[in-house]
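Single chain ahead, written as structure tokens, the form predicted alone.
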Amino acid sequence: MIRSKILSTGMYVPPKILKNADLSAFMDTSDEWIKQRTGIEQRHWVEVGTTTSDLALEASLAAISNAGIKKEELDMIILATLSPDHEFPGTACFLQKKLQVPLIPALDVRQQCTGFIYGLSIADQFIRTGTYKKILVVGAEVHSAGLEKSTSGREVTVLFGDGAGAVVLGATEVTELKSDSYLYSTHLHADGTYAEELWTPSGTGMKEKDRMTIKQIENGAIWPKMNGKAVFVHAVKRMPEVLIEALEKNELKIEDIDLFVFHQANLRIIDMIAKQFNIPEEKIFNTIQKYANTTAATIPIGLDEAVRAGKLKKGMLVASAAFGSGFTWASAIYRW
């Protein structure tokens, strides 16, 4: 039986670090205020001129190297991001150019915080059907260029960092369903009813004559807006639901999972999920303290960090869940 397996991980964050106290230079905030509400202590932001595909390239090269393969062996590139290099073409194409692997398909996934699991799911289907054997799945973000760096944008700006994570997904022959390493299943959901609870209002070109106007800039419509309460309430409901869905699909219990690598949006959300399921602290691997919310990159960054920290080892059963703009939410269970 052919299934897909995560062959390797890779990650990259830009060297520039902004601690919470550094943000007080351009907004009314403090280290205590941010940590109390989010658990975030610092984030990495790019220097001017660095793009999402630049970060994706570094993470991808690391994943390819760690897989022990040549880049020419890749059959497809899937890149999840909400911060593309350009409005078009897709950022996966810019990554493809930098990797110098022409002709293979390159696909963007625009599902924000759940983008990596959506991308993983797409890659899994191509591999299960025998269409492709090795697929690069990347989550990459340059948030810092699109944040309102002032007190009026504080509730959003303090949350986000820049970074990229990648995995190489490969075909594997599975004979023992309960012990072989492979991607068990993915579970995807969305509800566009809440699309405007976390979004960037401008840039559609639909409600006004021009795609971008002076008025949109002056009224702040070019910056991301968030109904923080709505996002939090839905996240602590939907992430547990989709986690249960994955467990039931695979006839597993919460106690069977060796490590949880959740999307890193807010440490308070993760703490509430842990409390709901009585998950021991040592079974959850968090990176939000160091990197903040890197959206599509949080889960692959977490996987790579966990491997290098010795927390994620061969044979372990892993569960991931994410929630984000759209609203979208998703989960995955896989044997490492």
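Predicted model, so just to flag it, every value in this text is computed and none were measured. Numbering starts at 1 and runs along the sequence shown.
The same protein also has a form predicted in complex with oxa(dethia)-CoA, omitted here; what follows describes it.
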With a 4.5 Å heavy atom cut-off to oxa(dethia)-CoA in the model of the complex, the contacting stretch among 155 to 163, 98 to 106, 168 to 176, 186 to 194 is 155 to 163
Checking Arg308, Arg37, Lys275, Lys70 against oxa(dethia)-CoA in the model of the complex, the residue with a non-hydrogen atom inside 4.5 angstroms turns out to be Arg37
oxa(dethia)-CoA in the model of the complex has a heavy atom of only one listed residue within 4.5 Å, and of Val231, Cys93, Leu74, Ile222 that residue is Val231
Is it the case that Thr29, even though its partner is missing from this view, gets within 4.5 Å of oxa(dethia)-CoA in the model of the complex, heavy atoms only? yes
| According to a 4.5 angstroms non-hydrogen atom cut-off, is Ala265 in contact with oxa(dethia)-CoA in the model of the complex? | yes
Heavy atom of Ala62 within 4.5 Å of oxa(dethia)-CoA in the model of the complex:
no
Classify Ile284 as contacting or not contacting oxa(dethia)-CoA in the model of the complex by the rule of any non-hydrogen atom within 4.5 angstroms, answering yes or no.
no
